[in-house]
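Given as structure tokens, the chain that follows is alone and in the form predicted alone.
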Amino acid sequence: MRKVLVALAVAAAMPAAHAQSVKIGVVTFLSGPAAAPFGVPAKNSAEFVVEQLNNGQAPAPYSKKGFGGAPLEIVLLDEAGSTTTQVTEFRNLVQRQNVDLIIGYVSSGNCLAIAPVAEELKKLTNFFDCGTPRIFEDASYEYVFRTSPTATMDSVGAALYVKDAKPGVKSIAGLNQNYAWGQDSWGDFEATMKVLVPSLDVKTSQMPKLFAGQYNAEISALLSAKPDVIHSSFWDGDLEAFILQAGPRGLMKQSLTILTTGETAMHKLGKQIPDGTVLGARGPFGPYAPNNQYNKWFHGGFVAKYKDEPNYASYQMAQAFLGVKAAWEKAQDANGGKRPSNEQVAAALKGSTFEGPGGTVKMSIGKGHQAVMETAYGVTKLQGGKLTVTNVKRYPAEKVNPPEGVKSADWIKGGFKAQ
């Protein structure tokens, strides 16, 4: 039986009228390869944000305790396991744990499997991560949302940055994991680059199996091909292994290397990442987060609590909670101060705009259920023993996300024009 962790965080002296807590299922990787780079940072973020919200310590307009005065209780669930297992556990959260709503999921496969079940059970579900654009491009939902951008933004932003940083680029190559995430990331990057540079030469696309761990053969192939640019969406152990194996062989000096999820490794492997490597954070998170009141609150509080830097998964989880809180309280106000239903919260979240530690979040595509944000990339530079990013370029949301009603692949093929 899967272990379910219940964390009750109720602030004292809550008004009697709002004594009933809001029970939130939080699903992320607590074990397995995705736990360290994504799951645990996201879990920590959820616990920090819930503690802050219950104590009324978040900045306005999130300063009201809990959700509209009702304290928050979270039920943590491990995302590790098959999609079949996750569907079963989702049903348990709804039907046995009686959660009011669910925030979770890193895996795109899990999100695709969970979405129709959430709709069947009529349970408000907010995906805080999972990159696939297919969720809202292939179907429509009333109860399902995602308050973070899709992976399309990562690849389009990476290509735009490459063209800006290396305007004479003539050739590219890829090193990506041989499953949906790696294939889609490379496919979108390659397609975008071919629009930007019609005469582009694709030297090689290396697709080793997931968690292979050893990449000497692939690195040799890339060294031999000598592309101007190398794209990799590697993550966790694969990302770390690539950095540790490629750095000493000079690959990342020979070719401009862009690591679209590289921010997750910058604090652990900062001294091993060569200067001039392009790092992505799947949006304006981590070192690319704006200097706004929400980031000061979140980043400062997270570091103080955990003695560690929040990564992009942490930021995504935080804004998932803030987006739902804003919608909950808007729906509650419209409901005469009474506890809103899932349908009322969904109606308030649909098409909304809210601010968070990563900046402005617009629920503007997927019929108002899918977020868009700006993105940013920069290059690494080791300064005083600490890895920093320089030459940061930001790309507005409309330049790196498709418009409403247009599929990502079609938008890229059509020249990814801003609307």
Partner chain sequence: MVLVALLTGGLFLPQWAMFIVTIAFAKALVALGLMILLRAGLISFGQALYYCLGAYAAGALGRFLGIADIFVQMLAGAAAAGIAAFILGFLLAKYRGIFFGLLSLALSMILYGLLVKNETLGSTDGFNILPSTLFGTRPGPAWVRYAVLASAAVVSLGLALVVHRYLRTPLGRLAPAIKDNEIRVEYMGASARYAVHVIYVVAAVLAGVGGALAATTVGHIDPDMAFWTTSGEFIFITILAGTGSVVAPFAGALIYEIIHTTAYDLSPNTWQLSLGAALLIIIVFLPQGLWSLVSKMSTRYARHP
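Just so it is clear, the structure is predicted and the values come from calculations on it, not from any experiment. Residue numbers count along the first chain shown, from 1.
Here the subject shifts to the form predicted in complex with the partner chain, a form of this protein not shown in this document.
S.K.: Can you confirm whether Q20, Y62 and Y105, the three residues that make up this candidate site, all sit within 4.5 Å of the partner chain in the predicted complex, judged by heavy atoms?
M.R.: Negative, none of the three is within 4.5 Å.
S.K.: Work out which of the listed stretches, 344 to 352, 151 to 159, 110 to 118, 326 to 334, brings a heavy atom within 4.5 angstroms of the partner chain in the predicted complex.
M.R.: After filtering at 4.5 Å, what remains is 110 to 118.
S.K.: From the list G276, G81, G300, G270, which entry has a heavy atom within 4.5 Å of the partner chain in the predicted complex?
M.R.: If I apply the 4.5 Å criterion carefully, the residue I get is G81.
S.K.: Which of these residues, S140, Q97, Q293, Q254, gets a heavy atom within 4.5 Å of the partner chain in the predicted complex?
M.R.: Answer to the contact question: Q97.
S.K.: Please check if N92 has a heavy atom lying within 4.5 Å of any heavy atom of the partner chain in the predicted complex.
M.R.: So N92 counts as contacting the partner chain.
S.K.: Check whether R134 has any heavy atom within 4.5 Å of a heavy atom of the partner chain in the predicted complex, and answer yes or no.
M.R.: Within the cut-off, so yes.
S.K.: Check L30 for me: does it contact the partner chain in the predicted complex (non-hydrogen atoms, 4.5 angstroms)?
M.R.: Flag for L30 set to yes.
S.K.: With the cut-off set at 4.5 Å between non-hydrogen atoms, does L77 touch the partner chain in the predicted complex?
M.R.: Output for L77 is yes: heavy atoms within 4.5 Å of the partner chain.
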